[in-house]
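Only one chain is included here, represented as structure tokens and corresponding to the form predicted alone.
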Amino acid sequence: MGRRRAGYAPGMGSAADLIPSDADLDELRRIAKGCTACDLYRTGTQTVFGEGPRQAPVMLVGEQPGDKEDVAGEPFVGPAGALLDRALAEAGIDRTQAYVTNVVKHFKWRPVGKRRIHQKPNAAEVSACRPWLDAEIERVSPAVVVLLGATAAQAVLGRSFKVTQQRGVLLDLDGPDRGARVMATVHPSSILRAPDDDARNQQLGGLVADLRVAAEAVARLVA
């Protein structure tokens, strides 16, 4: 296991302190189960690590697990995941051949009655958890990384990045895998919050169009 910094304590620091340089995905997943780099481990049921083929051509990155993902321990298995599956199928991307993960690996929530309502992770929580994503990208080495929503996009592309203005545009990925391309689009959960069926269908069409850009890029890059 990696060396921890002096003064490291649960709920502060960075997941980088926990990640051995030679660990494969299975080892990373095992170590991540005990991650306490930020305080979200105190309220999340469990760490929800990424899943998918070790050499997946495309990686999909969301914000954080939701309520159903937190319980199941798997990413994108709730309503947003079902909508993502539909969009991927329409765009010609096989979900079973994609690696799916989140920037933040624990569910952040607040209680409303008996319900657990999603809360957006803050910058410190994203920063603490980001090394897990870097390690996943490095191990999987995808041709294209698709960032779903503002939190994922800004975690990777910087806080000034705006999904509304730059969605669907392929960019070079800096960091652990410089050979990859990266593209941002909306998170499927935002489509679920649309006011009516017409708005949802229109927004879903936009997501599918963006994912088709990713699918075409994958076809070119892995040919």
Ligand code: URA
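Because the structure is a prediction, the values reported are computed rather than measured. All residue numbers are counted from 1 along the displayed sequence.
The protein also exists as the form predicted together with uracil (URA); that form is not presented, and the subsequent description refers to it.
- Comparing 63-71, 193-201, 159-167, 22-30 against uracil (URA) in the predicted complex, the single stretch with non-hydrogen atoms within 4.5 angstroms of it is 63-71.
- When uracil (URA) is considered in the predicted complex, only one residue from I93, A80, V145, A135 comes within 4.5 Å through any heavy atom, namely A80.
- Interface membership of Y99, defined by any non-hydrogen atom within 4.5 Å of uracil (URA) in the predicted complex, is ruled out.
- If you take 70-84 and check each residue for a heavy atom within 4.5 Å of uracil (URA) in the predicted complex, you get P75, F76, A80, in sequence order.
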